[in-house]
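We begin with a single chain expressed as structure tokens, specifically the form predicted alone.
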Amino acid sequence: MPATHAPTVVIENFYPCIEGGRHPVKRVIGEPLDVWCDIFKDGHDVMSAVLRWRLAGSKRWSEAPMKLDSNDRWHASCAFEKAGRWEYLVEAWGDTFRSWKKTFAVRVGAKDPDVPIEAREGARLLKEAAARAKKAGASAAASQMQECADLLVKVPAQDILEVLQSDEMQSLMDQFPDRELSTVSATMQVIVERDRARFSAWYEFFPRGAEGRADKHSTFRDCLGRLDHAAHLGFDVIYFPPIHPIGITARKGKNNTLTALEGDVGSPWAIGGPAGGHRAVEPALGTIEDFKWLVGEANKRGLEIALDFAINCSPDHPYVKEHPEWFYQRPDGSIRYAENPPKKYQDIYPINFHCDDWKALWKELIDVVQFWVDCGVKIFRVDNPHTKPVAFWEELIGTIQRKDPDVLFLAEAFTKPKMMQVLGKIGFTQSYTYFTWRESRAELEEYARELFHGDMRWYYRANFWPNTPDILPGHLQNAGPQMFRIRAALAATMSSTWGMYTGYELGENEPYPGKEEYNHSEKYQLVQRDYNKPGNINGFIRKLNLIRRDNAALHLYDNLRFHAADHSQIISYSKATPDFSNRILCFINLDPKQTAASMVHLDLAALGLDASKPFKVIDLLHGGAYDWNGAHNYVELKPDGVSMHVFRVEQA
């Protein structure tokens, strides 16, 4: 809104505010946004302010009155009814009626001789408000204010003072305030996404291995069994590694060997072959129509398919012949392959995002994502976004979401913290994290506070994965089922969004010697699996996901609170809804082999509990209920029995 006068009010120190407003905060549909800022002006005027918000590009503003907290700190809350890019601002002004009313009451009480003059001033303010009401079509309100103005100059001031000071009169005046000298703040941005941005459970599998057969390449039509398996386990997002044609030149063999043998299927991240590039599918999987069919079948089961968007090109990708200028040219005329020393990827050519033809390149890659959106895909897991320009991702995500705000993006960026953070700031919906390597209670608590309690919570949604096809962390290598239960429980209950790579439920734990990787990795070969093999933790995973689904506190992201436990191997934390209608309290023994028994010390305020009343904890994992009283209670957690509690808390 263009200013027609010099600023009359100072509006500053917004919270939340990311990089001075350079980046938007994130919310999901219906989730409140509490806005705080400092508002003040010269003199002694009484202030009024409103928070205003709208969908970007819309002409219609919504607004809510702001309330003074203390020391010129004001706040208000808003929520957003649909996904998209929103904006908000604060408008503030010296409230002439409130200021007049305050001093007029003092003058009347002191029998000030200027009361008649001040009464005429008040009548003027009421008449002007009546005119604004009449112009807005509120004739009844206009009549009330005009009547009060007339009485103010006709009857003794003390006879009408009660009416002037009433809440009803102030409410009427607040509807039609004098904002002629108001000041408007800078506009702030919000990315509003659908609920799955904040609450989701991901299950990753390779569609070519859907049947779990080492002797047969599965197709999209063979994936229904895995979809049903994932749905039964309570997952809602199915993540596929790249489904595009796989290159032949320099194809990797089993266990990442440099020489592929006949029948080796290669790495799906080496994209592009005789059948096409990023807009095509690997012929052994089927056709584009088969894929669209599978998307529909997933949706019927309450699932969404997320695709991997990997900007990798094999030497056989059509781009190599059609646009060699998009790649890094070496002095001998060859194209440089990808490296991440000591790793080498001879089967992949990286893109040069800053080549002379970069605008056409960027547009092409954005169009690739839009192609798959048009095929029904609404979620993308982005491969190694930290190795591409941040500005490119900001452009891509903004372009796609302006057309379809339901599209979500997960950043697979295991890299420096500041790069991980900026990817969240510029629009990535969710992000992989270092949870995979946080093992001790101190490490988990410190990292969780950084993610869920600090400023990162406004823009960075942590997706906790205990494993991926690339990562078999040390604590899972050759480990038993109990360690797999521990890490799944932590991931599923600490964050509102988590995921796991297939085989986790089977306890797959054989490492490649000397590395944090799987031996006989499915990235390079078909793998034999029995999804019902003895010792699986299918039932446990299903129970976890159903508990998550049934408890609203676990749908929220930044409500994690820690509690104290005397034993160093017991981690205790809770999540509650703002009104405490749902409260979840977790105790997990981090040692997969030893019993841990301890007094635990609860922060009752974080649970909304009255210290003077007993309360009940109901074990959602194992059944049973316990009556507790006060903050200090006892737990005993055994690896071969009840090794963890996920309690629902109820005040007696």
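Numbers follow the displayed sequence, beginning with 1. Small disclaimer: the values here were computed from a predicted structure and weren't measured.
Below, we turn to the form predicted together with another copy of the chain, even though it does not appear here.
Shown without its partner, this chain lists D406, E118, E297, D195 as candidates; in the predicted complex, only E118 has a non-hydrogen atom within 4.5 angstroms of another copy of the chain. Proximity to another copy of the chain in the predicted complex, defined as a heavy atom within 4.5 Å, holds among R73, R449, R542, R549 only for R73. Interface membership of D38, defined by any non-hydrogen atom within 4.5 Å of another copy of the chain in the predicted complex, is confirmed. At the 4.5 Å threshold, heavy atoms of D215 stay clear of another copy of the chain in the predicted complex, well away from it.
Heavy atoms of D114 reach within 4.5 Å of another copy of the chain in the predicted complex, making it an interface residue. Contact annotation for Y337: at least one heavy atom lies within 4.5 Å of another copy of the chain in the predicted complex. Site residues R221, A275 and P534 are none of them in contact with another copy of the chain in the predicted complex, judged by any heavy atom within 4.5 Å. Only one of 197-205, 315-323, 144-152, 106-114 lies within 4.5 Å of another copy of the chain in the predicted complex by heavy atoms, and it is 106-114.
Residues D42, G43, H44 of 42-67 are found to place at least one heavy atom within 4.5 Å of another copy of the chain in the predicted complex.
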